[in-house]
Each structure stands twice: as structure tokens, then as C-alpha cells.
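Just one chain follows, in the form predicted alone, and it is written as C-alpha cells.
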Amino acid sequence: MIRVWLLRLYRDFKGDILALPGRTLACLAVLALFIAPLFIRDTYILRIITLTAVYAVFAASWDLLSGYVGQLNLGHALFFGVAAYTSAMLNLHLGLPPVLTIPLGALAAVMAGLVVGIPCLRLKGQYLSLATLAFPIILKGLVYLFKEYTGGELGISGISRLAGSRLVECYIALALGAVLCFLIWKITDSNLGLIFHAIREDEITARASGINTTAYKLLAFCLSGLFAGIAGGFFAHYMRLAGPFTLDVLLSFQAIIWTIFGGITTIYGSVAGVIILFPLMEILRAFPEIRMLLFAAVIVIVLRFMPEGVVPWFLDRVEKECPRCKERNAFTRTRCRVCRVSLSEREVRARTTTRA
């Protein structure tokens, strides 16, 4: 029984992962991230790897809501900050361990998603975006107002660590990030993802087809808040601090930059954007006076030649789409791995001309 299950798992892995260069490279990148900490003793580099995993989940959660459902959220830091403060306060005042405070913080972020989603879904377009931008700013003002509970500008410090060493915390972050990003990708690849895609493309047609678009958009707000909340709670315990910076508008814009740079509406594009840009920002600390200028120049130059993002640009060159079944294939293949149709551009062009 176990042997049959392992053979099936290997066959699925070979057919779905190893058959495509993009997925193969993604698996190798994840494997490299898991192996690298074993040979790294510098806590600063371990910190960069850990925060990269945390921010990858945060960016992917923004892509789920804004990329797939089309609800442009400019205040995504609200979910991150609510979870961070909730986890910190529960740990500091009630003494709950991180294994409980992080899920409870994520639950608080889901409630924040409901609070934001119910009134904001009455708005559309740029009005929705501006309304979502207002919520973290309002909450940040409340943080400064109730200093006895939130710590004011200094935030809440002295909360429990996730583990006894930075290496263990790094592996927890990598494992959690990999599982959550895969889960977000599977959601977008499911029937629910098709509904989200339909709402984004034409909400009126989706509603006419019998889809309760308001309920599904509210679900998207809650799911996005859940994943961003897990990232926020983890961040608070890793840094042992929850401060007003977790509600900063700049954090929301960072998620947008990471996702658009990597490739919006892909999930793996947002993850790749964080893996590239977050360590790059740390490297550019060597040039403090022109750090932001260099960072902006890299983004502008890359998006000038790769307007759809780094990942879609790369995949278009190592993979080909079958004209019949629309499945992706390696660029080295001459026939589709699913329907066996020829992938030669000359034959595809000849068939198109014949049909015309």
C-alpha cells in the first residue's frame, strides 16, 4: 500500500513538477533555502531569510485579494498590524504561548477583514482603494491614543520568542512560508479561484451567472486577512516587538511593489518578488545616501523590459502553451505532454491559416 502511494506520488511529482522548467526551478529554489541555513552562522543573514519567508506570505495574501479578485487594497498592512498587536498583547498580558497567540492574531485579522470588507464593498474602483487606505491610518491613530495598552510610539516589546535559537526560528518560518504560499496557490487553482477570476474579469456577468459576488469578495477579504495575519503574528514574535510600523502605509505599498515586480495574479510571482527585492534592499544598505534611488532604478528598469513581471517574462521563454488544451509545456518539447498536438510555431501557424 505504501509502495503504491509512493509510486503515485512520484508519478504526480514527475508529471506536474519536473515536466515544467518553472516549477522545477521553484522546487530547487525552495530546497536551496532549506539547505542554506545549515551552512550559515551569521544571525543577520538568518534574519534576512526568515523575514523573506514572512513577507512572501504577506505579499501572496495581497495578490490573492487584489490580483485574483481585483479588489485593490492599499491598506493591506491593517491585517498584518492587527495580528501583530493581538499576538503581542495576548502573550504579554495573558501569558499565552506563541502557538496560540499567532492563530488568535490571525483570527483577529479575519475579523478586521470583515470590518473592512462589509462597508468597503459598497464602493468600487479607486473609491474602494482609498477607503481601504484609511483603515490602517485610523488604527495607527488609535494606537497612539491608547498608549497604556499599545505602548504608543514605542510599541509592545518583551514578548516571547518562537524558539530558543535563530536557526530553529528560520526553519519554522521557511516551513510555514512554503506551506502557506502553496495553500494560497492551491486556492487560486481551485474552483474558488475560478470564481475569483470571473469576478475580477466581469463582475456583472458573474452575478448574472448566479454567483453571489458580494459573499465571495467578502470571503476573499477574510482569506487575505487570515494569511496576512499569520505573517503578522509570526513577525511580532520573531522580532519580539509589535509597533506602529506594522500598520505603516509604506508596508502596504511594499507588498504591491513586490507583487507587481514578480508578476501579479500568479502568487509565485509575489513570492519571487520578495525573494529578489527584500535581500536587495539589505544589500543596498551599503549605499545609504542613494539606497532608495538605486532601488527605484532597478524596479523601473526591470519593469520597462518586463512589464508583466519577472516570473511571467521568464516562463514565456522556458515554457510554451499548447494551442489546443492550453497546458504549459517545456520549451524543448515538440508536442504537448497532454494532448500530443504539435507545438511547432510553423505548424501552429499553418493550422491557423487553414482554419481561416
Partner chain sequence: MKTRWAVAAALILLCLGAALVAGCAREEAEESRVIKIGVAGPMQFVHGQHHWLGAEMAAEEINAAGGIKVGDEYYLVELVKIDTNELLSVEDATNAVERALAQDNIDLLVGTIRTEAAVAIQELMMDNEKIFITCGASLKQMADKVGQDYERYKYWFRVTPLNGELLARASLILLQYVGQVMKEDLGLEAPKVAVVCEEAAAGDALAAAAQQVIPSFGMELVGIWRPSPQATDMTAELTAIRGAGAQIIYTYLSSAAGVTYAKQWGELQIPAASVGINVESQAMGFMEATDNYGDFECSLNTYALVEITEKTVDWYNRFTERAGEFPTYNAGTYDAINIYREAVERAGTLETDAVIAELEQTRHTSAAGVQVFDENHDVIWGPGYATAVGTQWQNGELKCVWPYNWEGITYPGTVRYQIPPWVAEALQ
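Numbering follows the first chain given and starts at 1. These numbers were taken from a predicted model, which means no experiment stands behind them.
Keep in mind the form predicted together with the partner chain is missing from the figure; the text below concerns it.
Quick one: is residue 217 in contact with the partner chain in the predicted complex, heavy atoms, 4.5 Å cut-off? Contact with the partner chain, no.
Report yes if any heavy atom of residue 241 sits within 4.5 Å of a heavy atom of the partner chain in the predicted complex; otherwise report no. So residue 241 counts as contacting the partner chain.
Is residue 245 close enough to the partner chain in the predicted complex to count, meaning some heavy atom within 4.5 Å? Contact check for residue 245: yes, within 4.5 Å of the partner chain in the predicted complex.
Mark residue 111 yes when one of its heavy atoms lies within 4.5 Å of a heavy atom of the partner chain in the predicted complex, and no otherwise. No, residue 111 is distant from the partner.
Looking at heavy atoms inside 4.5 Å, which stretch does the partner chain contact in the predicted complex, given the options 97 to 105, 275 to 283, 223 to 231, 181 to 189? In short, 275 to 283.
Need the contact residues for 41 to 61: heavy atom within 4.5 Å of the partner chain in the predicted complex, sequence order, or none if there are none. In sequence order, 42, 43, 44, 45, 47, 48, 51, 55 come within 4.5 Å of the partner.
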